[in-house]
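We begin with a single chain expressed as structure tokens, specifically the form predicted alone.
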Amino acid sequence: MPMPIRHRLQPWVTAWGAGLILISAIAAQALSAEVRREDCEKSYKPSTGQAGKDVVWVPTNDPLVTRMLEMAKVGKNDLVYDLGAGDGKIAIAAAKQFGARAVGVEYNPDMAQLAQCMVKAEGVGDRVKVVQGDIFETDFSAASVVTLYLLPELNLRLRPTILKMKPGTRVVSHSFLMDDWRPDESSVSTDGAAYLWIVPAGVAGQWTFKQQRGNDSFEVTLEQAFQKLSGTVGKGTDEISNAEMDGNRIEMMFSEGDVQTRLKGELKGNQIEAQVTRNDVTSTFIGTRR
């Protein structure tokens, strides 16, 4: 008896389907291998120590890159700007290891093109871009994290711009500091040194704090040097201590006569909402700047 047509077709259909799967797999493999790191370096391969616009190029080693991004607590909701991106490794790591979006800014056109190629080779083109440009003419105000590997004098030139950024923005520098703006965190190991700053909100001035549910109140006059605060209470006879900013968050302690006070709060608009402990009793106070 002749074999039914559907039985005769079945092996051919199965083979055809398998062939399609194989072709798709080969195509996917070819697509993923379309750009490789080795291919990127064929047209331009930088050398350690080569001259740049303001600095020589020295790549940050991989363990230090990871540590810098960990210090900044980079996450999927962050936008990282790497100023002086080189071959793009910090921007790429921010996306691959931490799920962030990232922008690298690189002055050298050849290096910028290399970094753009590396972004494709690492498969993070949907989250990372590298632009050719001058870091001193680039608007990076949207960043929640800024990474640097420049020189002290360049960090200092950038400092006024950084201090105008949104409070809470994290800034991490490889090797170099920012003059008298002390870092909030330092990490030094055999891989190198990294320093973290958190952009502080500005709270200098005279503040009146009133208890939200009660009649207690006090006044403080604050002076500010970056994240560090100093100042006096009331008529100026008592000084505050342990006072500093962490982005929008503020902490301070002081003694007013025999009243011991500890304040922990957050700047929200023009007010500070704070939990204030006075002689072991904690309540909510609202601070208003005069």
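Start at 1 with the first residue shown and count on from there. Here the structure is a predicted model, which means the values were calculated and not measured.
The protein also exists as the form predicted together with a small molecule; that form is not presented, and the subsequent description refers to it.
Undergrad: Ok, Glu153, Asp110, Glu185, Asp134: which has a heavy atom sitting within 4.5 Å of the small molecule in the predicted bound form?
TA: The option sitting close enough to the partner is Asp134.
Undergrad: Counting non-hydrogen atoms within 4.5 angstroms of the small molecule in the predicted bound form, say which of Val58, Ala225, Val259, Met253 makes the cut.
TA: Exactly one listed residue reaches within 4.5 Å, namely Val58.
Undergrad: Give a yes or no on whether every one of Gly52, Ala85 and Lys89 sits within 4.5 angstroms of the small molecule in the predicted bound form by heavy atom.
TA: Yes, the whole trio is in contact, each within 4.5 Å by some heavy atom.
Undergrad: Please check if Val105 has a heavy atom lying within 4.5 Å of any heavy atom of the small molecule in the predicted bound form.
TA: Yes, Val105 sits close enough to the small molecule in the predicted bound form that at least one of its heavy atoms falls within 4.5 Å.
Undergrad: Is there a heavy atom of Tyr149 no more than 4.5 Å from a heavy atom of the small molecule in the predicted bound form?
TA: Flag for Tyr149 set to yes.
Undergrad: The small molecule isn't shown here, but in the predicted bound form, which of 228-236, 260-268, 59-67, 35-43 has heavy atoms within 4.5 Å of it?
TA: Among the listed stretches, the partner-contacting one is 59-67.
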